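Shown below, as structure tokens, is a lone chain in the form predicted on its own; questions about how it binds or moves come after it.
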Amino acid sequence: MTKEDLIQSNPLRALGLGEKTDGKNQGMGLVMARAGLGKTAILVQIALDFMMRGDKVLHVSIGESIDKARSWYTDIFLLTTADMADAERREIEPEVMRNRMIMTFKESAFGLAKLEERLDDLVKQDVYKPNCLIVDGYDFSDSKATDMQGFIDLMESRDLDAIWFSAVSHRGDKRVSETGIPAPCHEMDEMFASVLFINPETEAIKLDIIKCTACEIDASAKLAFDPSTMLISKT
């Protein structure tokens, strides 16, 4: 198996990742689940898909260390390339990982203005210019649609292809939008182009595609999430 084989067979192709329409960005994406069900693992698989295709990813980890975030990439990369020959995996790993930078924030110190400042420093100093942002650990409990508009503005002004977030849902909170997006993001439907929900209420854990503006590429797509490997699969 080659790197190109991995890219083409990736279940995330069902979401239209990597596709652009008239040069427009892919919008913002959201992975939701209750705490501890695998949101970070899914974000890392999304990031690795961008990285495999040669795009640069800035992974923003809120409340976690750089070492913790880095270990996610190491583990998921090994799992996703399990069918690749060892020699080829060792050859492509440095190339792929060069397309990733990790930035950490304490929960109390994170804010859009601070992120913009640090991102602009990287770009102006010609250190790193990402195509995609991964924001893991953002607190949506006090967030409003206007806050998300700030991220949309950031994406457009910095010429980003996409921003993906994780969000914690709670079993006891039954609020949900008309399109099925659970609280605390139920009032932000229009802000997200793609929303995935890890659904543990069935015999096999499903990865529900609640919203996906690019899914006409594979409108019948159904995804699953294996908690033993933390990998996405197509069903």
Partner chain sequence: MKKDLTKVRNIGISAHIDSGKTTLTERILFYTNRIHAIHEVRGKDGVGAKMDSMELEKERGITIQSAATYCPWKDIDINIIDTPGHVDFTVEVERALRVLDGAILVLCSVGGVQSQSITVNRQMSRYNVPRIAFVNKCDRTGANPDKVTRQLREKLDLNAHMMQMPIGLESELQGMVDLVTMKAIYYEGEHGEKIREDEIPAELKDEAEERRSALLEEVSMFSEELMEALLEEGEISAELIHDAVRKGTLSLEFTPVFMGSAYKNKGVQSLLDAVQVYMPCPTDVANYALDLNNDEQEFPVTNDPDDPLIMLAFKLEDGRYGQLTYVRTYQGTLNKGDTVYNSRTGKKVKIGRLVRMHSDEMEEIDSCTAGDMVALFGVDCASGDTFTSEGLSCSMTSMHIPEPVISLAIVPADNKAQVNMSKALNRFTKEDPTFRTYVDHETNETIVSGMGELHLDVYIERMKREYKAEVQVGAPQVAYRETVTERAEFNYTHKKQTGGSGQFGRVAGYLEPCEEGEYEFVDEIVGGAIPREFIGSCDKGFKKSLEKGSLCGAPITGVRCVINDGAAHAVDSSDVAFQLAAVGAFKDGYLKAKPVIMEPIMKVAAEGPAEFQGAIMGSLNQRRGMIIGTMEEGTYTVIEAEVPLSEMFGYSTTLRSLTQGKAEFTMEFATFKQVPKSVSEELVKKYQEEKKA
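What you see is a predicted model; the values in this text were computed from it and never measured. Numbering follows the first chain given and starts at 1.
Beyond the structure shown, there is the form predicted in complex with the partner chain, which is absent from this document and is the topic of what follows.
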Worksheet, complete the sentence: Note: exactly one of I152, A162, M103, I76 sits with a heavy atom within 4.5 Å of the partner chain in the predicted complex, namely M103
Worksheet item: Pick from A85, I92, L112, L122: which has a non-hydrogen atom within 4.5 Å of the partner chain in the predicted complex?
Response: L122
Worksheet entry | Contact of I66 with the partner chain in the predicted complex (heavy atom, 4.5 Å) | yes
Fill in: the partner chain contact at R34 in the predicted complex, heavy atom, 4.5 Å
no
Item to complete: Tell me, yes or no, whether H170 is in contact with the partner chain in the predicted complex, where a contact means a heavy atom of each within 4.5 Å.
Response: no
Item to complete: Give a yes or no for K144: in the predicted complex, does one of its heavy atoms lie within 4.5 Å of a heavy atom belonging to the partner chain?
Response: no
Item to complete: Work out which of the listed stretches, 174-182, 66-74, 25-33, 189-197, brings a heavy atom within 4.5 angstroms of the partner chain in the predicted complex.
Response: 66-74
Worksheet entry | Stretch 124-151: residues contacting the partner chain in the predicted complex, 4.5 Å heavy atom cut-off | Q125, D126, V127
